[in-house]
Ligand SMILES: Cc1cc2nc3c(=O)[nH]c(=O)nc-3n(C[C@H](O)[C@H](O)[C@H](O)COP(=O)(O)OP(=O)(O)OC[C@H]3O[C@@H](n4cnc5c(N)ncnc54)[C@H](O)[C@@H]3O)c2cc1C
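Quick setup: one chain, the form predicted alone, written in structure tokens, and binding and motion questions come after.
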């Protein structure tokens, strides 16, 4: 199994489609240039393929060790983590004042895609660490920032988030972990248990900083009574050194379908009555603070989906070019020979489905990251507000659509491999196992759909959705003009966009009489939205590609409409091949995948309540 990632497509999305270099105008990035950003990206891809991918298979075979209450990762992970730290890869986009690299968020996201696709299990320790540290940076006090952040951004210490309890999963307000103030101090005694804690313990860092949701003594029941506490594995002793065990016990690890080398732990806090926690921010604001970390994690979870989906596609593409099976269907001769299976139409359909989904969702996630840079650093408040609205609206789609489709891509990749895909040595089955969890944690995809339909579509009186519609219309109008080479495709996207709007507005009416009816369609609605937005992004890619093809063909004295001449040029010109494939991929998405939106609308308009009425 060899790890491959499409560097050309990543650079196309970042620098040609999204104009990521534009963020270099923002004050924190003025010392950088596009050449440096591309160099960082190249080094990230190199580390992913040479270091992370090299220990991925071993991690999947060996898994995590749990002996005498201590968790150990495979030795290759321990060695690679040291190199990961030394390379400065933990906090690529975070504050240099605390040991981060201070690079644009969109560059960090592209690096995370490469790392996650190469070794998903490995990324749980650094990924959660940087999110936990950033939460402390934003909401912690000065003492907490100076104590924890640099050690976490540099990877000396790790971090987790501890929400889930046996009786409190998605319903976080049902938690029973308590925090009792210690008189005369700023400390609380923490008591309770958490489970499904990713990277809850390991042997690669000196300390682990747990961010724990708990209810302080006297605070109300439910989600509004929850506070957030820093609970280190080791707390500071009298000499200030963090070497005092903080009564944090690993009760066990989970044995999982995938991400086998990632330690998913059950943790007990305060079994001996001496676990100390430190309040972050204000009491009863814990869920508000934790949502910052969860929203960041949701984008990264979406990246896990598309990263593993694209990695599976690359394996399937390579295999399809090498595996010979059966003659070409158009070869009727008695001496017909077996050809590579990439010559067979059904295999090509599978490959194009993976390619179209993978490239479009990559653009969706990178677009969100670029908007994240705008939110953080643009001097224009209107631009920041517009970017925030679209990020808020699209975050559930980035998480849920990317992970649902990522799993679908691994399924198609396995189908291309046939029986060999079901065998461990070819790698596809590991990608399928590893990616499945992404649709479950950080809020199941059903919850993401409810968040989109029940909350995000209503914010600002529907203003977020109306802003998205306006942006979409502005993009489509010039492309729909008769005579434009993309007119037919633009009209298809426009029709799907209108179908999405019709569904949304119908929910507003039907939901008043029957609030359950829209909610049973929340997941299909999210899929509709994902398909429409991805189709728009693919159409944009086709627009750019046609302009590039025109310029190259003009320089070579050929007509881009001459298929034979263009294909001949593509054989010796990699850019022509790439841009031509972009146009074909957009066409495939719009004519083969986007029509699902119409089916969803028909379902929504059916008024069928059978799922709600049947006795199961």
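For clarity, every value in this text was computed on a predicted model and none was experimentally measured. Numbering follows the first chain given and starts at 1.
The form predicted in complex with this ligand exists for this protein as well; it is not shown, and the discussion that follows is about that form.
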### Query
Quick one: of 359, 533, 113, 442, which gets a non-hydrogen atom within 4.5 angstroms of this ligand in the predicted complex?
442
## Note on the structure
In this chain shown alone, the residue from 526, 161, 136, 299 with a heavy atom within 4.5 Å of this ligand in the predicted complex is 161
#### Entry: Answer range among 190-198, 217-225, 326-334, 484-492 for contact with this ligand, defined in the predicted complex as heavy atoms within 4.5 Å
190-198
#### Entry: Partner contact for residue 316 in the predicted complex: this ligand, 4.5 angstroms, heavy atom
no
#### Entry: Exercise: residue 342 in contact with this ligand in the predicted complex, heavy atom 4.5 Å
no
### Task
Check whether residue 149 has any heavy atom within 4.5 Å of a heavy atom of this ligand in the predicted complex, and answer yes or no.
no
### Message
Does any part of residue 256 reach within 4.5 Å of this ligand in the predicted complex? Heavy atoms only, please.
### Response
yes
### Query
Judged by heavy atoms and a 4.5 Å cut-off, are 78, 307 and 310 together in contact with this ligand in the predicted complex?
no
